[in-house]
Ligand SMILES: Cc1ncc(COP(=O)(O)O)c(C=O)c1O
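This document starts with one chain, in the form predicted alone, laid out as structure tokens.
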């Protein structure tokens, strides 16, 4: 068909979405596929949304985002990281975190320029880089899924424009401490790279570890665009509400694209979040969810590791368990198909997130989308099956 765009020729469809659709309507299926929390949205936040709609906050809002919400975002970063951002020129509210990533890549990448991404990484990154005319360059992970410093050094060329960081990590749950990140950040700054730091899982950190805001490291501030989202923090993925903070020099071009893509993010949801995100109820909710996810993490990692032939990485953050089935003489795709057909359990193959050779025996399990009882059922089903 002559109308088909060549832009999509090299873009692989999302296997996660395919698995999500495949599992719908099948009785007894337990899905650890899609990365969406199963916990109910805070009651006070839902009430704030209803109130915003009833009070007629239903028209267009400012393109950078609702003024009050931008003020609250600035306050959040001051309180939590002692960072100062300009509410007028340093904050943007978008339709989900993925829109912000897309806008940043479109705004800054020239055709053929390279972006360093970790192998494995969130599946959106390489696809959006290609759509923006750039080239994704895979950087190796260490054995505990941190970004390998030597691989970063070797991957930087005169075509390198940016580097993507994502900690806590999707799909592995890995984290890097401040000193480890500083080594990466210093390389990026020395080579004048844009740092795209995806920090959407900032509140879900386990074992008394602390999230590191990348822009607060060394001289990273002037090079860093921080991507964030309310989807995970307050269990509202369907609201499609993301945001970013950076310098006016980096936010400006992104804002120019944003104005012609969605004009402004949804107005009533912005108003509701502005009245909630820095409240005491929000803090209590986030801590409750963190504790819930850590208990789930403990249960699923222990359970998977109890099965001969499976080795699960002990996630330090996010709500994902990343595990290896090489001991079963299966690829991740084979195990995903096997578990779905024989045990009605959905896992995502690691090849969705990284290169075929390096990730072919890995899978991701989202424990954010199932409670402890269902995790126990998953382990029981797999134990019987194997």
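It should be emphasised that the depicted structure is a prediction, and the values quoted were computed from it without experimental measurement. Residue numbers count along the first chain shown, from 1.
The following text describes the form predicted in complex with this ligand, which does not appear among the structures shown.
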Please tell me which of 223, 231, 269, 141 lies within 4.5 Å of this ligand in the predicted bound form, judged by heavy atoms. 231
From the list 96, 90, 126, 134, which entry has a heavy atom within 4.5 Å of this ligand in the predicted bound form? 96
My question is simply whether residue 322 lines the interface with this ligand in the predicted bound form - judged by any non-hydrogen atom within 4.5 Å. no
How about residue 101: is it within 4.5 Å of this ligand in the predicted bound form, going by heavy atoms? yes
4.5 Å heavy atom contact, residue 201 and this ligand in the predicted bound form: yes
Closest heavy atom of residue 166 to this ligand in the predicted bound form, within 4.5 Å or not? yes
Where, among 213-221, 193-201, 300-308, 109-117, do residues come within 4.5 Å of this ligand in the predicted bound form by heavy atom distance? 193-201
Contact set, 32-49 vs this ligand in the predicted bound form - heavy atom within 4.5 angstroms: 35
